[in-house]
Ligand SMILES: Cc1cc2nc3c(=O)[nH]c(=O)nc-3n(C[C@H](O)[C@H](O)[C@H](O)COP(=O)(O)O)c2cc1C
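One chain comes next, on its own, written out as structure tokens in the form predicted alone.
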Amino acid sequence: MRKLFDETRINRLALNNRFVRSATWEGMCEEDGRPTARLAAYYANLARGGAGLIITGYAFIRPDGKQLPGQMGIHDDSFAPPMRDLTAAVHGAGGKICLQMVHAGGQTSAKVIGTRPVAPSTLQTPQFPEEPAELSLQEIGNMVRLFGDAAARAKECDFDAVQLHAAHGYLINQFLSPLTNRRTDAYGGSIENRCRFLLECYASVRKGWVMNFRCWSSSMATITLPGG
């Protein structure tokens, strides 16, 4: 029987033990989502404490996906140097680090993002601060692509794995739930249709991670893709 302190593997990702530090919002990034030296030191301290795998706080894949101040972003190529400083700090302390990716969807506000939030459907629900705009099919396709771009950036910046945040009422979860998804097209209605956005994001993330393609501009159900 495996023990907590045994070395273990997830696919090709080797971990010192079976302790995983779950994602949590730290609020230690710049206003635009750029990680800081303070956040790198925080994660390095967790690695020195013995966590086998550290999952970051949720990182938004485009600016209108941000929910809280100090939240990390993974949407801009110019973030690469501080991102690499962060992963190097964790690796130097003997740890491994996984980037969690998210878009808040309707669970943010114009006060935070400077524009009207987006969601699968235009409706007011208790978890939405304000009524969001419905994503068009073209916008959905773009969002799917941006999740893949974010995964490619993470690989380029030496993260050991990536994770999709598909819970807690954020965009992917909003597509999954019939309470927030009232669409009548291929992304709404049946459970198969409501899962379509998640599965397309998964495929895009996998392509971005495995192929590490460069198509960027500077502009829980969870799935983790570890290893090389």
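This one's a predicted model, so the numbers in the text were calculated from it and none came from an experiment. The numbering used is simple: start at 1 and walk along the sequence shown.
This next part talks about the form predicted together with this ligand, which is not shown.
Legend entry - Segment that reaches this ligand in the model of the complex - one of 163-171, 44-52, 191-199, 31-39, heavy atoms within 4.5 Å: Careful reading of the contacts points to 163-171.
Inset, instruction - Using a 4.5 Å heavy atom cut-off, state whether residue 19 contacts this ligand in the model of the complex. - result: Contact with this ligand, no.
Legend entry - 4.5 Å heavy atom contact, residue 175 to this ligand in the model of the complex: Result no; residue 175 lies far from this ligand in the model of the complex.
Inset, instruction - Would you check, heavy atoms only and a 4.5 Å threshold, whether residue 100 touches this ligand in the model of the complex? - result: Yes, contact at 4.5 Å.
Inset, instruction - Spell out, yes or no, whether the shortest heavy atom distance between residue 24 and this ligand in the model of the complex is within 4.5 Å. - result: Yes, residue 24 lies within 4.5 Å of this ligand in the model of the complex.
Inset, instruction - Quick one: name the residues from 36-73 with any non-hydrogen atom within 4.5 angstroms of this ligand in the model of the complex. - result: Contacting residues: 57, 58.
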